[in-house]
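Here you get one chain, nothing else, as structure tokens; it is the form predicted alone.
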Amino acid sequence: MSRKLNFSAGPCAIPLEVLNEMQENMADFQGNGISLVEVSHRHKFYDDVHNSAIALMKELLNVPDNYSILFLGGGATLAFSMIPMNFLTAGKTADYVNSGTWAKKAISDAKKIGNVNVVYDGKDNKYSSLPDASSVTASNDSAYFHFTSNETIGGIQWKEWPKVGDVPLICDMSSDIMSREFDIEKFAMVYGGVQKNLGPAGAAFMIIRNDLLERSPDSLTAYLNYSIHAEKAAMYNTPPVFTIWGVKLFLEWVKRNGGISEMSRLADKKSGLIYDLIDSGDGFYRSPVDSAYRSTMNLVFRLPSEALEAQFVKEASAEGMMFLKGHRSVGGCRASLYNGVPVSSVETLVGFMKEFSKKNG
């Protein structure tokens, strides 16, 4: 089989050795004569996988004991509703930064549940930049402050975190978790879909400081209540077994390959190869994003015309480089360089970009 080069914004590229391990154990899990996806989630086979995935998240992210780590279904999209349901208490306001498509969706859902204050809206700059981290402040009656660390569609990424004092800081880190080091204790909650940087689609991760869980109201139905999931170690109901198994194997791969510090170094190296080409000065490729906030995960770029962009995507696909078309809402091109994308894939893409500009510039 000839493997394609996967630059998809999600689901993510998964290291071949992780896929091979899943394949080898799919029908006969670790020589036990049965597949993991066939056994009860209460069985020791799965219990070991579940607990190992949580332990690896805790180890790699240096999560202290006063946080709970959950893997739940529904993705980050369900969390957009669950967060205000659990933490937007009566008489309080939730502060949100509108940095683009995913922040906008979170805001839309939260507004249906309680009072929302948009502290910054990037509409005027077409969501191509972010505010200085020190310039955003929380409301006096803020229940929490929510922002999106990396916008996969717009290609912008926070480089420093907002400083909001004692107000709980909540961050959607769907598309850059495990790609750079950060201090989890600056946050009351970090969450996201796992399908960008952690494994196959089908689950979301939540890392929640335990004092925040005390706010979850008893009036919520069971699945929507974070405190119930935390009490049951995210085993209240049947979890997404296959996905969590994939996450466990992916995290083991991250650990074997140098942990987050090495993933961060590689993210800078991979994105630098493309940004250096874009900034080389010939103008054939251009980035529509404020250079101070360019994403290391999702690199958006434009060519001189939409016709050339379509041609670029078509020819790249013919050469085995997949999913380089920009999101339909913004157009252009986009290369997503998640942890599972090797440097060699990026080098191949950069070589193609050089040849394409030479032929069509």
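Model, not experiment: these values are computed from the prediction. The numbering used is simple: start at 1 and walk along the sequence shown.
One more form of this protein should be noted, the form predicted in complex with a small molecule, which is absent from this view; the next part is about it.
Undergrad: Pro162, Gly193, Gly100, Pro200: which sits within 4.5 Å of the small molecule in the predicted complex by any heavy atom?
TA: By the 4.5 Å heavy-atom cutoff, the listed residue in contact is Gly193.
Undergrad: Looking at Ala143, Leu212, Ala76, Val254, which is the one with a non-hydrogen atom within 4.5 Å of the small molecule in the predicted complex?
TA: By the 4.5 Å criterion, the partner-contacting residue is Ala76.
Undergrad: Within a 4.5 Å heavy atom cut-off, is Phe87 in contact with the small molecule in the predicted complex?
TA: Close contact is absent here: in the predicted complex, Phe87 is far from the small molecule, nothing within 4.5 Å, heavy atoms only.
Undergrad: Quick one: does Tyr96 come within 4.5 Å of the small molecule in the predicted complex, counting heavy atoms only?
TA: No, no contact at 4.5 Å.
Undergrad: Verify the contact flag for Thr152: yes if a non-hydrogen atom of it lies within 4.5 Å of a non-hydrogen atom of the small molecule in the predicted complex, no if not.
TA: Flag for Thr152 set to yes.
Undergrad: Is there a heavy atom of Phe80 lying 4.5 Å or less from a heavy atom of the small molecule in the predicted complex?
TA: The answer is yes: Phe80 has a heavy atom within 4.5 Å of the small molecule.
Undergrad: If contact means a heavy atom within 4.5 Å, which one of 172-180, 154-162, 115-123, 234-242 is the stretch that engages the small molecule in the predicted complex?
TA: Of the options given, it is 172-180.
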